[in-house]
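The chain below stands alone, shown as structure tokens; this is the form predicted alone.
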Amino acid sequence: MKKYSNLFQLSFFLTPALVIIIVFYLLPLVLTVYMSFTPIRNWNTERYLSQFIGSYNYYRIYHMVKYDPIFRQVMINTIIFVLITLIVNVFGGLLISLATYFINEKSSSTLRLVWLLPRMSPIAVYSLVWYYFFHGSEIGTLNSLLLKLGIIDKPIVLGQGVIPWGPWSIIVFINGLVGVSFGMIVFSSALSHIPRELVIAARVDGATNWSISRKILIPMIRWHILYVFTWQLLSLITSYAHTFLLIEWGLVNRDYGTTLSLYVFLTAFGRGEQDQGLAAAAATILAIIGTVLGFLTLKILKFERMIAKPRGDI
């Protein structure tokens, strides 16, 4: 009887979460996969949704990867954006958390609050701030400062430069600040639960902050590092909101700013001819890539060892 009671309680608490996952995740995914096998365009569901064209949309993507330099640039943008921003997000959040761990509580709380501002700001407001900061004229905060200091004699159009590192640096910087704040929250919470006695004992033995961080703090929050790494990886693969606004406002060059997730959005909802069938195929591939990368990340970082039952009696 107790077994069924526990099962009922478990079902009671899990059902709302399962309903949300099914309605907002699984059903859209199934619909996306189905649409990828149809020629649907301009959201003309009555005409196209019942037509089945097999893997033609996937063949189109293969053809673009092989012959279309614009789409190949999209893939390069995605790889560079995800890899560099992921490094900034994880190690930036970890560095800030460790730095604030060794100072007094009042100062550390203030610093963490400052780093939380990007996370708390609406996407449009946050993007607008950096739009004016990096603007390629005298009204841009960065250009105005450099002109007054005499470092440059004319404004730098960083986001529309002929070299890709200008647009890439802006996109990574803006998205990186948001990701750093997320990692900082998780890492700071994890560090606060580490017994202070361990740090005090290490201090008595003459350990430096770096030694304490490397040999005590970081090993004890490896689970949280794995979580942030995996979460940020999957999040960056599908992230496009800030980049979309910066491109629409003309700050960042579209050729070097468009990632695969943004390409999916623009193909399905952009101006002019909308090709939802092609966008659905690209989105399906993106979902497969995210699933594979998430699995490999957990495997490489030995997730199963972290959740394994401890050996012996405790």
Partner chain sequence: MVTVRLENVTKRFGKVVAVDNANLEIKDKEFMALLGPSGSGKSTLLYLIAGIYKPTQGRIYFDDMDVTELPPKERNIGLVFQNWALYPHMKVFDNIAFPLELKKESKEEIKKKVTEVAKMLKIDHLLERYPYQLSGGQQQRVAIARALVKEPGVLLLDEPLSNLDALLRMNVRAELKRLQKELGITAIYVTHDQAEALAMADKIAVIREGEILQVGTPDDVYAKPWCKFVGGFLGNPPMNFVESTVIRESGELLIGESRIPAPPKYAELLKKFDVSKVLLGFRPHDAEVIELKPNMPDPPMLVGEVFAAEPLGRETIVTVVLDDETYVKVFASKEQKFDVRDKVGIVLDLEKALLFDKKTELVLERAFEKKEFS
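Residue numbers count along the first chain shown, from 1. A quick note: this is a predicted structure, and the numbers were derived from the prediction, not measured.
Beyond what is shown, the protein has a form predicted together with its partner chain; the following relates to that form.
The stretch that touches its partner chain in the predicted complex, counting heavy atoms within 4.5 Å, is 214-222, out of 214-222, 84-92, 70-78, 153-161. Proximity of Ala202 to its partner chain in the predicted complex falls within the 4.5 Å heavy atom cutoff. In the predicted complex, Leu226 stays away from its partner chain, with no heavy atom inside 4.5 Å. For the partner-free chain shown, Glu197, Leu198, Ile200 of 179-200 come within 4.5 angstroms of its partner chain in the predicted complex, judged by any non-hydrogen atom.
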